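Encoded as structure tokens, the following chain is the form predicted on its own, with no partner shown.
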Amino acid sequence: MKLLKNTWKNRSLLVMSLPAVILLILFHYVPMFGLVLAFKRYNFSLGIWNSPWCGLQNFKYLFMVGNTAWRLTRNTVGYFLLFTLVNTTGEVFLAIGINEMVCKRLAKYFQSAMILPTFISYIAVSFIVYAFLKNETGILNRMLTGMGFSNYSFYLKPKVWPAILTIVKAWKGIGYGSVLYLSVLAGIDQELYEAADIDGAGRWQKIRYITLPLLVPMIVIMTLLGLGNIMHSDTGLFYQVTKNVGALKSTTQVIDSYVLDAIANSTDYGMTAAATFYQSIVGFIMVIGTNLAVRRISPENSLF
């Protein structure tokens, strides 16, 4: 009875949340029924439910043929950790830098300019990157030949692409990510800085002993929330920017781009479903494990 009264009392809030709940159910829970394909040999004529079961054959192919699972997991988790480290560091220092600028009007213009790359699609970014990296006529190769060096075939050298993708990801995302930390900085009690001034603390000391420690809880929370997508990657970054070149797949192909490539070039949806199922399981384990570690070290910063 009490539950019904609370529901009726908060009916306006429930109605407001209804569209989001419907979208969540339609696009996150309903598609979960498709995971049954991971255990079937899919046949178009028979449909999903009438296709024959094949046990773990799809997973066997994923794990046994060419170390595919290991390569995809290594790339996906590795890029997540690399992007998280670089972007979080960049976002925090950019936010502190903008917050410390004396001319606040100039700081606003600078912040707006840093956010703009976020709104550029990865298709457009792929053309920008290609203009820099293409053989012979690319900007970087023109600079190399101008200095007396030979052309460098970037799209045939997989070893350089972790650095290239990290730079692209940082350029596109750091400006927007710094906004959250700027909001935290705006909420810091200014009396702390005034007390530090009285004690004779310099600007760097205030940043080290006041600003950074107060940003740590938000950094931890954002990292833990990001772990929910640890096995998901920007498909546009890994599929469009690299142009899905086969020579680069050893260091650039992640699970999402592998699934997209399999859908575009294969009809084996069972193996594709097995890859996404594996992706979900590993992501779940990483989130739970990391939260347990954070709760043991710093309970107040854990999610649950």
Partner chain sequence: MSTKQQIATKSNRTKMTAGQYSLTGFMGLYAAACLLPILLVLVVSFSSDQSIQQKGFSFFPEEWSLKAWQYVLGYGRQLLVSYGVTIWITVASTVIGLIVMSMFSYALSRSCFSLRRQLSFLLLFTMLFSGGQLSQYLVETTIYGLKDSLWALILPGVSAMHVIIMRTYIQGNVPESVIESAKIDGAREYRIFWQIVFPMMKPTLASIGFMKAVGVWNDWQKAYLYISSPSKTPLQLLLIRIEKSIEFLLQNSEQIPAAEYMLLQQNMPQESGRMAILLTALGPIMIAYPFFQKYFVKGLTVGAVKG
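Numbering follows the first chain given and starts at 1. Since the structure is predicted, the reported quantities are computational estimates derived from the model, not experimental observations. Rigid core here is just the name for the largest C-alpha set that superposes within 1.5 Å across the two forms.
Separately, the form predicted together with the partner chain exists; it is not shown, and the next lines address it.
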property: Heavy atom within 4.5 Å of the partner chain in the model of the complex - the one residue of 72, 98, 231, 165 that qualifies; result: 98
property: Contact at 52, 150 and 160 by the partner chain in the model of the complex, all three, heavy atom at most 4.5 Å; result: no
property: Interface membership of residue 272, the partner chain in the model of the complex, 4.5 Å heavy atom rule; result: yes
property: Touches the partner chain in the model of the complex: residue 67 (any heavy atom, 4.5 Å); result: no
property: is_contact(residue 63, the partner chain) in the model of the complex, heavy atom dist at most 4.5 Å; result: no
property: Distance check, residue 119 to the partner chain in the model of the complex, heavy atom within 4.5 Å; result: yes
property: Residues within 4.5 Å of the partner chain in the model of the complex, restricted to 25 to 54 and counted by heavy atom; result: 26, 27, 28, 29, 30, 31, 32, 34, 35, 37, 42, 48, 49
property: Core fit, then residue 33 C-alpha moves 2 Å or more between the shown form and the other one; result: no
